[in-house]
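One chain comes next, on its own, written as structure tokens: the form predicted alone.
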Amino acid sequence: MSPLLAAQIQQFHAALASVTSEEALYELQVAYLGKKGSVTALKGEMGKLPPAERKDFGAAWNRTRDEIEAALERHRDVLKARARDLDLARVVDLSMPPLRPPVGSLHPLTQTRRRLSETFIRLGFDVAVGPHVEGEQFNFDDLNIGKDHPARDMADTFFVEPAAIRGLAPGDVQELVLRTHTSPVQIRTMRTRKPPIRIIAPGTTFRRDDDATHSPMFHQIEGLYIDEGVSLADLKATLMAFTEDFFGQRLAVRFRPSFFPFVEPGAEFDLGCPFCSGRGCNLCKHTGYIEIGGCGMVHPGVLEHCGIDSERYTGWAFGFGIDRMTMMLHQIPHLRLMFEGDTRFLEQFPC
């Protein structure tokens, strides 16, 4: 055998003895048998030998390659067997609970909205929805909110350029707004369904307002019941049934006269504080009651705008803020916390 090939065999076996991983074994294989390996490079030396010696050198080179490949394969089997033995010897405590990836939860506003919807569904109401961008007719005109009403002022309402709405030409509509309440859903329902109508309309609304208890984007839920012989007594009974189901206890319901263009008579309705049972606390400002929202008998003009005979049918409507209800349930001090997306805050409301 050529002294050069014999030296390569000796160096290879010395290096192989210190290989302890398959990665190192592969690197050793490349170093000797790769395209630029030291043994591969010796094959090019055959062209420099006399013709009579080339045959013997070629045969010796083949034996050297075969010996290195066989040694590599044997060592690979040894390494695999060693790794298998280590794995079998590893002690595993099967009683340990597995590591679980972090799991998110529903936003507290979403939790409250779903809980409110489920409560009214159990009371026989359907859930109705509508678009966020409304025409002034549905958002104001059909609700008896006149052209000179303060609610239509730019200080309260977000007006939308018609051209900004995909598919609408500037002349298609006169005025578009981001809906200021979910009452347009009531108008759409009364225009497309015949009494009896019994719906709730939860959804997102928008106004130019921003403080500790108000946000430019907020959430409302409104209820509507239209049928023959409907009275305020039905409204009070519904609200009492709702509070008992939602809060798990019977709460007092109080009506205070108020004005809303779309109801007559109108009232603010308050609930007996569920946290102090009416005794007085910071949340109810020591009055025993918490203001929830507005309500009243649907104005006959609203019924007539929607094609419903106000001589035959009567109805009531109510509305309150889901955001405020969420703050009450979880004693959240500032509305803005629910819109900042801070995971430290959201993690406090698992579901």
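Start at 1 and count along the sequence shown; that's the residue number. Computed from a predicted model, the values in this text were never measured in an experiment.
One more form of this protein exists, namely the form predicted together with a small molecule; it is left out here, but the text below deals with it.
Of the heavy atoms in R324, some are within 4.5 Å of the small molecule in the model of the complex. At a distance threshold of 4.5 angstroms between non-hydrogen atoms, H181 is in contact with the small molecule in the model of the complex.
Of the heavy atoms in E222, some are within 4.5 Å of the small molecule in the model of the complex. Taking the partner from elsewhere, R113 is found to have every heavy atom lying beyond 4.5 Å of the small molecule in the model of the complex.
In plain terms, the part of the chain that comes close to the small molecule in the model of the complex, with a heavy atom within 4.5 Å, is 201-209 out of 201-209, 242-250, 71-79, 225-233. Contact annotation: of the candidates E27, E291, E45, E67, the single residue with a non-hydrogen atom within 4.5 angstroms of the small molecule in the model of the complex is E291.
Scanning V177, I187, C273, V263 against the small molecule in the model of the complex with a 4.5 Å heavy atom cut-off leaves one residue, V263.
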